[in-house]
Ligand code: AMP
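One chain follows as structure tokens, the form predicted alone.
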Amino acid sequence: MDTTRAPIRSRGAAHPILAHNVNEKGQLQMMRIAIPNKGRLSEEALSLFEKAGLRAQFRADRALVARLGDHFQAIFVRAQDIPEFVADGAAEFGITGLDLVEENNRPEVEELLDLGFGRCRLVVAARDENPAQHPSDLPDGSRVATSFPGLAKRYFASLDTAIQVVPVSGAAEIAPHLGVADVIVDLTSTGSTLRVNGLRELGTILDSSARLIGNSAALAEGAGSQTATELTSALESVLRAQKKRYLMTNVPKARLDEVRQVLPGISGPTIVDVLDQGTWVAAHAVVDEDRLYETIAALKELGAEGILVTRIERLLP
């Protein structure tokens, strides 16, 4: 099925709402980033920005805005409102779930980066006794309780199934048990909440995670385009580093060829001479976190000593 957004319009002149954010040279000044005002997405987003060197600076504990370095201003709003804020030009960037971006379906919004956190799935679920095994088994006229009416309608339309949407703002799991809906379309991470409430999944509509989005017109060219590239690169460097570690060790020079096979690094390990009689060298390399155990064991087999592993804050290719 196809739940993609309508085609993003061509990049062109800046959105009129953003005019106050442009100086006399046509350069965009401090850009705004809409961030969820509470919950895990908010915490993860602020942590990511801080690691990228953009620590939030609040004027008060409950401030709705904060500075992010010298070039950005964070505005804190409901996660579900962020796609609309970005589309309308109230913010040039935003961080929110892909599920909310797709539900709003605004062509002015451009997806810039998958941030990896906040992972969940939008699924179709029914009571255990429902005979349907897949959403396509549901008959026309089925009642679907959901807070994602747009995605639900587009999904079932792709199955040539006419549905009746029952709007809910939360706790959709109870709807089938009350007889107000036949199935639900709702978010789940593990499926445990569905099972506890006597529901089972029939199919997945969308795999979602937090995304960095932007206003396509505001980021079309010039300063806006450059800022989008720089911000995306900064955040991506943090994400890239999260699953990597920097390893340093002394290895026998005579076994250097074998060490290179164990420590390929990004473009091969960095080899530094050790001030001894020339029998040892220091090898430095970036390694995958999930390969550390095997890598260290292989290095020790080759006679490596003084192995040191550290975290990496940022990693640019």
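When you see a residue number, it is the position in the sequence shown, counting from 1. Keep in mind the model is a prediction, meaning the values are calculated, not measured.
The next section is about a form of this same protein that is not shown, the form predicted in complex with adenosine monophosphate (AMP).
Put simply, S192 is close to adenosine monophosphate (AMP) in the model of the complex: some heavy atom of it is within 4.5 Å. Put simply, L206 is far from adenosine monophosphate (AMP) in the model of the complex: not one heavy atom of it is within 4.5 Å. Among residues of the shown chain, C120 is one whose heavy atoms approach adenosine monophosphate (AMP) to within 4.5 Å in the model of the complex. Among residues of the shown chain, L187 is one whose heavy atoms approach adenosine monophosphate (AMP) to within 4.5 Å in the model of the complex.
Of the residues E236, E173, D137, D81, just one reaches adenosine monophosphate (AMP) in the model of the complex with a heavy atom at 4.5 Å or closer; this is E173. Of the stretches 218 to 226, 157 to 165, 83 to 91, 111 to 119, only 111 to 119 has residues with a heavy atom within 4.5 Å of adenosine monophosphate (AMP) in the model of the complex.
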